[in-house]
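Presented as structure tokens, the chain that follows is alone, the form predicted on its own.
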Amino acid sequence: MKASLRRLGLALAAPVLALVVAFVVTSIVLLLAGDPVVAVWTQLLTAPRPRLIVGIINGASVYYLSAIAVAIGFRMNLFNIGVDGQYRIAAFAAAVFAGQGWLPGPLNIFVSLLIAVVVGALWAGIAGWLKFSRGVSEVISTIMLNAIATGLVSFMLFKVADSTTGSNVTNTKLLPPSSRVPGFALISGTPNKVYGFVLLAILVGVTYWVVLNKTRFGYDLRATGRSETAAVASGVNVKRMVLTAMLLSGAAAGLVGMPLLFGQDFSYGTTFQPGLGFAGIAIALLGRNHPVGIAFGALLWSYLEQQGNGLQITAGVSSELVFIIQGVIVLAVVIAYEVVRRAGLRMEQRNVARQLSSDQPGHHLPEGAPV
């Protein structure tokens, strides 16, 4: 019981310490800039209105998918920085197909999701194949593939654009009404609805946990991430596992833009939300690659963004302050987890030493008894 409480305390200590550090550092930045510290924190810590709660949930569902895609690579010690490019090219391909309306509504949605998964996996698979066959670092290849994907999607978008008269926005054809996923009116007091594809995010999270913790493949993937030598000794084909992990990470990345495509924008265009892949890296770090931890990280990330939109009006401070807070939180979390890990290790060492000392011969003998 005492050991369980100790582990729980250590698990909670890191995020709490990180939030305290982020609060202190951000306050110092505000003081140095001459901005109102109290007004800023009052805005950020005020209970959000119903409309903002819906925005927080919707934003978190998208960030969650992105972070899961990154976490799959992290569990294999692969740094898939290419989620940003993978979700862009996958969302574009799905939008082009879905916009044609060749299939009836539900089937059109299902096939479009399948296309997004396959395209995302194939794009990530390029980096996986380069590492598998040539030993090219996935960090370098995915960064380059991000740039290529952005340029390719921009080029192709103008080829298939369905321009709206009097608008500067370029986008693909709008999805037929039958292919749009309805939202849920979960929050009273606002007409805004939670994305229907919040269920997709939940399904992906559950699948991620089950595969990693309840299957032989998940065990092999985690074992390879911890020690390639031990994995090889147990019969794991490490190179093949690298390629498979990149394909799975890309497949998950292909789903990142789906809540936006089917629940909000109904097309892919120049206004499609950017930067989701890079946010996923930070959120995966925040959540320590655990599906529940990632959920809390995604909600926190989305909460700060939604609450930060009012900083300019209420406190006279640019909403870009949120980026500072998010960055400080990520750095603080990484440092805090390492500090807590080392503290936990020292506690374990002391417990082992105490246990060994108590088990020494003669320790339990009556006083004065011969040894």
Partner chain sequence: MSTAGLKAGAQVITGVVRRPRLSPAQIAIMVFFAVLIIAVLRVVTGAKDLASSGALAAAIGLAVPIGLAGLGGLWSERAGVVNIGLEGMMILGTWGAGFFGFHYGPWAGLLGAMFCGMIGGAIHAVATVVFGVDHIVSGVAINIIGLGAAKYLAARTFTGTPGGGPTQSPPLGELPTISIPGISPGLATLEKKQIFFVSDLASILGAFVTNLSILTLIALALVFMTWWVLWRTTFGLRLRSCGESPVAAETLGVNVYRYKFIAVLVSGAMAGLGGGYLALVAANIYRDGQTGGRGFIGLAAMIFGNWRPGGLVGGAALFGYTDAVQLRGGGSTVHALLLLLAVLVVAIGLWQILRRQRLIQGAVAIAAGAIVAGWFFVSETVSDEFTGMTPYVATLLVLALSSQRLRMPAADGQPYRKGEAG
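Numbering follows the first chain given and starts at 1. Small disclaimer: the values here were computed from a predicted structure and weren't measured.
Absent from the display: the form predicted in complex with its partner chain. The rest refers to it.
Colleague: Taking a heavy atom within 4.5 Å as contact, would all three of 140, 224 and 239 count as contacting its partner chain in the predicted complex?
Modeller: Yes.
Colleague: Within 4.5 Å, heavy atoms only: does residue 39 come near its partner chain in the predicted complex?
Modeller: It does not: once its partner chain is placed as it appears in the predicted complex, residue 39 has no heavy atom within 4.5 Å of it.
Colleague: Answer yes if any heavy atom of residue 102 is within 4.5 Å of a heavy atom of its partner chain in the predicted complex; otherwise answer no.
Modeller: It does not: once its partner chain is placed as it appears in the predicted complex, residue 102 has no heavy atom within 4.5 Å of it.
Colleague: Classify residue 300 as contacting or not contacting its partner chain in the predicted complex by the rule of any non-hydrogen atom within 4.5 angstroms, answering yes or no.
Modeller: No, residue 300 is distant from the partner.
Colleague: Classify residue 53 as contacting or not contacting its partner chain in the predicted complex by the rule of any non-hydrogen atom within 4.5 angstroms, answering yes or no.
Modeller: No, residue 53 sits far enough from its partner chain in the predicted complex that none of its heavy atoms falls within 4.5 Å.
Colleague: Where does its partner chain sit in the predicted complex: which of 302 to 310, 315 to 323, 42 to 50, 59 to 67, heavy atoms within 4.5 Å?
Modeller: Going through the listed ranges, the match is 315 to 323.
Colleague: If the cut-off is 4.5 angstroms on heavy atoms, which of these, 274, 135, 106, 191, is the one near its partner chain in the predicted complex?
Modeller: That would be 135.
Colleague: Consider the chain as shown here, without its partner, and state which of 178, 154, 215, 234 has a heavy atom within 4.5 Å of its partner chain in the predicted complex.
Modeller: The option sitting close enough to the partner is 154.
Colleague: Does anything in 54 to 88 come within 4.5 Å of its partner chain in the predicted complex by heavy atoms, and if so which residues, in order?
Modeller: Read in sequence order, the residues that approach its partner chain (within 4.5 Å, in the predicted complex) are 74, 76, 77, 78, 79, 81.
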